[in-house]
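Below you'll find only one chain, the form predicted on its own, shown as structure tokens.
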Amino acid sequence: MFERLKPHFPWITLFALAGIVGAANPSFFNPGGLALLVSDIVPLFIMALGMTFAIYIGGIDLSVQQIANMVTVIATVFLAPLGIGVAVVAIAAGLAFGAAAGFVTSRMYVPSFVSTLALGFVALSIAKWLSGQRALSMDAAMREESFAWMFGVTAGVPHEMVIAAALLAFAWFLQSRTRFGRALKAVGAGELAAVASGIGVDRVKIAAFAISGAFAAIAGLMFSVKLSGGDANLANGFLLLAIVAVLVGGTPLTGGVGGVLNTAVGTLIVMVIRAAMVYLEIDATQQQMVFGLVLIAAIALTIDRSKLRGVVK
């Protein structure tokens, strides 16, 4: 019974939590308020969406938060000379950092949590150097000229939600309708079997981490434009939430199952939990504690223990 229900846990959890929060505060289901809540978590969702590719192959990307921080500074510093072209530079920077993490992981045999953590510190150092270790403000006129479209509203639908839906559709297509997606699943299901079947595992890993870095950069760009500035600490606190969103959505650290649609559900679960804690007036420090406990529970419920047999604890 448990194994049959397990794939449906994310949806069951989402509806149960939403029902509890809605019963405690009926205004939660106000369409306008829900739209604002969803819009507010779009950068987090994009970050988690990219991380899904790294976790789907059985890895982890701990650099996404610092890549996002670095991009907020890059976007702010180079907006004036480059205009909307700064988006290309920002995404290319994230892609490069992700690819570098994939290269170190696959070709130098460094565990992904170490390689991504180390490259995250490199990204943080670049952010601090570019910003002079201070908060920067965007040129308001250039921001409006280049990125006003990003946060508009059309027919009552915030543009952030449209961007999120487009990126989700792109990620779903990559995962479900391409040879690359099938290779991702094969690597996540069993790396040795993937190698034996002729899949270029190293290339798949590098591409997965590159996608994660690029999506983190997009999230950082949205942070920067929304808050009209850049800072080496602007996205702090989002790494834990992004990991929770992926894992509670049903993509385990052992990889091979789940995927980007699961992450969409997981991000909504995070949104509902955050809303509940705001209603209960739980402060930010205690919220991190709650999400830490949620992370432990998510790992315990989703991890594939059959892949851990024979591993020395």
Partner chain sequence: MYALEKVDKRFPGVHALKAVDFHVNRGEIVGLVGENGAGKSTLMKVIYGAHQPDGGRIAIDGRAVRFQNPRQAMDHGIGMVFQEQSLIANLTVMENIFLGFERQFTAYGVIDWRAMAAAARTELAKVRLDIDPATITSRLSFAQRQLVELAKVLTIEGRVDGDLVILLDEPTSVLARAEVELLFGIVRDLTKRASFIFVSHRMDEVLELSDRIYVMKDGAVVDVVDRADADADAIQHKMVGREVDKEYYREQKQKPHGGEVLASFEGVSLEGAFEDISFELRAGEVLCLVGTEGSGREAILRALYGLRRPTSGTVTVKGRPVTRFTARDGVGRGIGYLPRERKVEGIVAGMNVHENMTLAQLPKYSVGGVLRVAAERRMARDWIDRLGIKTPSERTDCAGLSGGNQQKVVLAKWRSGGSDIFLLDHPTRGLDIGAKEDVYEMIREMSDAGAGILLVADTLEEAIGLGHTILVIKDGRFRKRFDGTPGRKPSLYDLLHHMI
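Numbering follows the first chain given and starts at 1. Quantities reported herein were computed from a predicted structural model and do not represent experimental measurements.
The same protein also exists as the form predicted together with the partner chain; that form is not shown, yet it is the one meant from here on.
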Requested in this report: Please check if Arg179 has a heavy atom lying within 4.5 Å of any heavy atom of the partner chain in the predicted bound form.
Outcome: yes
Report task. With heavy atoms only and a cut-off of 4.5 Å, decide whether Phe173 touches the partner chain in the predicted bound form. Result -> yes
Query raised in the report: Can Gly85 be called a contact residue for the partner chain in the predicted bound form at 4.5 Å between heavy atoms?
Result: no
Query raised in the report: Is the gap between Leu192 and the partner chain in the predicted bound form 4.5 Å or less for some heavy atom pair?
Result: yes
Query raised in the report: Of these, 181 to 189, 218 to 226, 139 to 147, 75 to 83, which stretch puts a heavy atom within 4.5 angstroms of the partner chain in the predicted bound form?
Result: 181 to 189
Query raised in the report: So which of Ala207, Ile199, Ile91, Ala100 reaches within 4.5 angstroms of the partner chain in the predicted bound form, heavy atom to heavy atom?
Result: Ile199
